[in-house]
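A lone chain, given as structure tokens: the form predicted on its own.
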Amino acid sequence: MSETGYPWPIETTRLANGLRVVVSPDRTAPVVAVNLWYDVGSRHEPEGQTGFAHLFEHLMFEGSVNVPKTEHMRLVQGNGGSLNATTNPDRTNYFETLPAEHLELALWLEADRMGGLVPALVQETLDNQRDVVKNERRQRYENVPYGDAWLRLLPLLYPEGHPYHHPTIGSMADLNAAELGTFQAFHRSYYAPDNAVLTVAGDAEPAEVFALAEKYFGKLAAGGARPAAPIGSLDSWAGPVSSVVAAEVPAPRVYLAHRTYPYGTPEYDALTVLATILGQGRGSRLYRLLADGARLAQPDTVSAYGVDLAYAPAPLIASATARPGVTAARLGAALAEVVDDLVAGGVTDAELTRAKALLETEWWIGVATVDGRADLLSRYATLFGDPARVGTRLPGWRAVTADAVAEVARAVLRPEDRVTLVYEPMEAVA
């Protein structure tokens, strides 16, 4: 058994303009993953600019100085690669996986949109992508049963003024009100080499990657001083908090959420094991007691998980959807009882062993691919300043004891700190 969770080599450098470059060579297959993390997410957005980081996730594919609109995607896919981007509260990432012979192409493309998006950004492109985001909000959140749960949970968990209070999709009013120059200034501040980590994993030598990074990114100017993300305070929050939503949903659903510990701490490792015991798979407590035992919840809807947020206490969310004939009140009481019983009675050795095995399997599946490795290295470099720290996550889970799980459960799963979100079918509240 590997003592570390990351047995591949890691080499790093930093360019004069501040760009951090991470390389993890693996000659097993002639493939490379190029992964770029920008230290900007929704938590960085000031009042009146919510949704900016997510909008740029779209804008960054709409052309730059030397790459016409849609050409970035065409070039990567046309050379046998795949690509995408995501945004969350803590960061935005852009990534490609492609044959190793096209590494230089990927680095040129990424450098061009880092340094050349603002000169190419015009009002027509901005307006078009604003409409795309509005449509995404409708399709992903508003017109899907229970789809806006995350949008509703965040402001219940984090008070107004906290950087995690608003979701990455942002406010349509903010996106509509902002002028082109405001978006350009946001890009100049945050999408700069000294606010980014470039990671390459796969069939590439570190010296080659460092040289190509210098060639394409080295000429880009550092962004310099930028606004720090708000720290935020939880002092104004008072619980427990409940919200009932009447919606076009097929059955009642209940979410229980608690703020816990920041991602990356030993306590969050214990919390991750706890969440696995509580709500991952058919052997979890929620499945055994609510789906199989009492038959209150639909089997495929019970879950519990932590949301990996690094700069404030991250949430643990447990949820279940009612079987036909089961009310939201009955399901919610049973869900809370399972959580409270775990706090009162702790966990068994068998549950602990099962949870660690599930997490270990999940980890090795994640790092089996070069794109999975590249993203993890970028994550640890961006959030914690050290990509090699990636190797500590699996040992951290292995070290969790039943006492540690019980301790974090008692500390953060208190009923008085609970957020409850209930969805009721329209006809049930008519």
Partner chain sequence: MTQLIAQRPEPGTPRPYRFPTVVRRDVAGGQVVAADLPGHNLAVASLLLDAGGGRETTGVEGVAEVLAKALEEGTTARSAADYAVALESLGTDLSLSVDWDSFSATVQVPVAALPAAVELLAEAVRRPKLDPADVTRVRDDEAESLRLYWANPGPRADAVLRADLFGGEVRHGRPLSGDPRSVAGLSVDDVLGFHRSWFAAPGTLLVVGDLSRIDLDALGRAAFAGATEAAALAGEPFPVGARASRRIVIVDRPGSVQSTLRLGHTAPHRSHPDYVPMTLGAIVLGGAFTSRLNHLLREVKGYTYGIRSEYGLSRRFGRFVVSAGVQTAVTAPALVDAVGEIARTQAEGVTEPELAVARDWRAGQLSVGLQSPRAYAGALATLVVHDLPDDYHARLRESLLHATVEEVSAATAAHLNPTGITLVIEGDAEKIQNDLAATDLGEVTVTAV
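Residue numbers count along the first chain shown, from 1. Since we're looking at a predicted model, the values are computed, not measured.
The same protein also exists as the form predicted in complex with its partner chain; that form is not shown, yet it is the one meant from here on.
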In the predicted complex, the residue from G346, P99, P230, G264 that sits within 4.5 Å of its partner chain by heavy atoms: P99
Option touching its partner chain, based on a heavy atom within 4.5 Å in the predicted complex, out of G161, P240, P299, G224: P299
Listed range touching its partner chain, judged in the predicted complex by heavy atoms within 4.5 Å, from 334 to 342, 317 to 325, 264 to 272, 174 to 182: 317 to 325
Contact flag, E104 vs its partner chain in the predicted complex, heavy atom cut 4.5 Å: yes
4.5 Å heavy atom contact, W364 and its partner chain in the predicted complex: yes
Its partner chain contact in the predicted complex: H58, any heavy atom under 4.5 Å: yes
Any non-hydrogen atom of Q129 within 4.5 angstroms of its partner chain in the predicted complex: yes
Within 129 to 152, the residues that have a heavy atom no more than 4.5 Å from its partner chain in the predicted complex: Q129, D131, V132, N135, E136, R138, Q139, R140, E142, N143, V144, P145
